[in-house]
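So this first bit is one chain, no partners, the form predicted alone, shown in structure tokens.
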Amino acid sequence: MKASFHEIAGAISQANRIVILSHVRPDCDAIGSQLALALSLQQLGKEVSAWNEDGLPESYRFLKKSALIHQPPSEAEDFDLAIALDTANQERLGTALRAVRRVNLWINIDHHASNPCYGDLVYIDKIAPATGQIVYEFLLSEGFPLPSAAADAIYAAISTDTGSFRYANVTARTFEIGAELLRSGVNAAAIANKLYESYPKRRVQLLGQILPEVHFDADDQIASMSLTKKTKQQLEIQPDDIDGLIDYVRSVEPVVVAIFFEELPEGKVRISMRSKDDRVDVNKICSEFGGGGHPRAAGARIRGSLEEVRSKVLQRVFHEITKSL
């Protein structure tokens, strides 16, 4: 049963030691949501830790006070309250989950359609385009502090998960929140410059390696690109260097589904999938491979070689497209 903002606020008010967690390979929505909520709760006098298995990605270090986000400690700790943000499956908290030894209450706040509603207090809004938008509405509704660094983090979270307010998940309320944040002092141009115009050189070199190898299938309705472990090692690629690369093939006009395959250690392949048509639900496809997400944006980690995973995923997407379109 969906918890109310008031119930979540009540649980926070009764807790002193709080840990805020997000998923492995965090995107800006995860980091921004964590940071904003942590800064707000700190102003309420709470003892707050903010952990992520991968720590703070290099590309989001420009966010003020972002050094608050750390990798989890090697020794597990006890908390009054644990809050999972933007994490569709509890196991995706990774080592951050294992670093929580004992906790009195779990809160789960998310916007992924595939979230199974784990936790004691659950707030899932599948319509919200970003968890950052939910966090903003929560802070506003309950009269919690919104320091300037938290406002910046929320704006960055919403901007990235909506494709700079371009995707179909954007609502009128999303634009209203953007305006409210700008009136509060957020510098949208400065944040956009850091998010979209400040890439490291190795990202351009990576594009030069993988774009010539893009594959088109199903009369150009499926576009896929692959990243091998060898290329990552050669270019010293960081996880956040890969964010958004799928949009290069997603934006090709005939493409309906874009897929990014990333070879991982230990015989696994990470897939990221995007759909441009509501009739092709990539959340459903990725759920069949143990992943999930949203109808138009989802992912999974699949055991097998890059060639094996590519073959079976492409076959499944081809079947869905021929059946649905």
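Since we're looking at a predicted model, the values are computed, not measured. Note that residue numbering begins at 1 and tracks the sequence as displayed.
Omitted from view is the form predicted in complex with a further copy of the same chain, to which the following refers.
Trainee: Using a 4.5 Å cut on heavy atoms, which of T228, T171, S114, Q71 is close to a further copy of the same chain in the predicted complex?
Mentor: Here the answer is residue option T171.
Trainee: Scan K126, R98, K201, R102 and let me know which has any heavy atom within 4.5 Å of a further copy of the same chain in the predicted complex.
Mentor: It is K201.
Trainee: Quick one: is E75 in contact with a further copy of the same chain in the predicted complex, heavy atoms, 4.5 Å cut-off?
Mentor: The answer is no: E75 has no heavy atom within 4.5 Å of a further copy of the same chain.
Trainee: Hey, in the predicted complex, is P212 touching a further copy of the same chain, heavy atoms inside 4.5 Å?
Mentor: Result yes; P212 sits at the interface with a further copy of the same chain in the predicted complex.
Trainee: How about Y167 - does it come within 4.5 Å of a further copy of the same chain in the predicted complex, if we only consider non-hydrogen atoms?
Mentor: Result yes; Y167 sits at the interface with a further copy of the same chain in the predicted complex.
Trainee: Hey, in the predicted complex, does G208 get a heavy atom within 4.5 angstroms of a further copy of the same chain?
Mentor: Yes, G208 is a contact residue.
Trainee: Looking at 106-114, 141-149, 184-192, 76-84, which one sits within 4.5 Å of a further copy of the same chain in the predicted complex if you count heavy atoms only?
Mentor: Looking at the partner contacts, the answer comes out as 184-192.
Trainee: Could you list the residues in 262-290 that come within 4.5 Å of a further copy of the same chain in the predicted complex, counting only heavy atoms and keeping sequence order?
Mentor: The stretch 262-290, when checked against a further copy of the same chain in the predicted complex, contributes no residue at the 4.5 Å heavy-atom cut-off.
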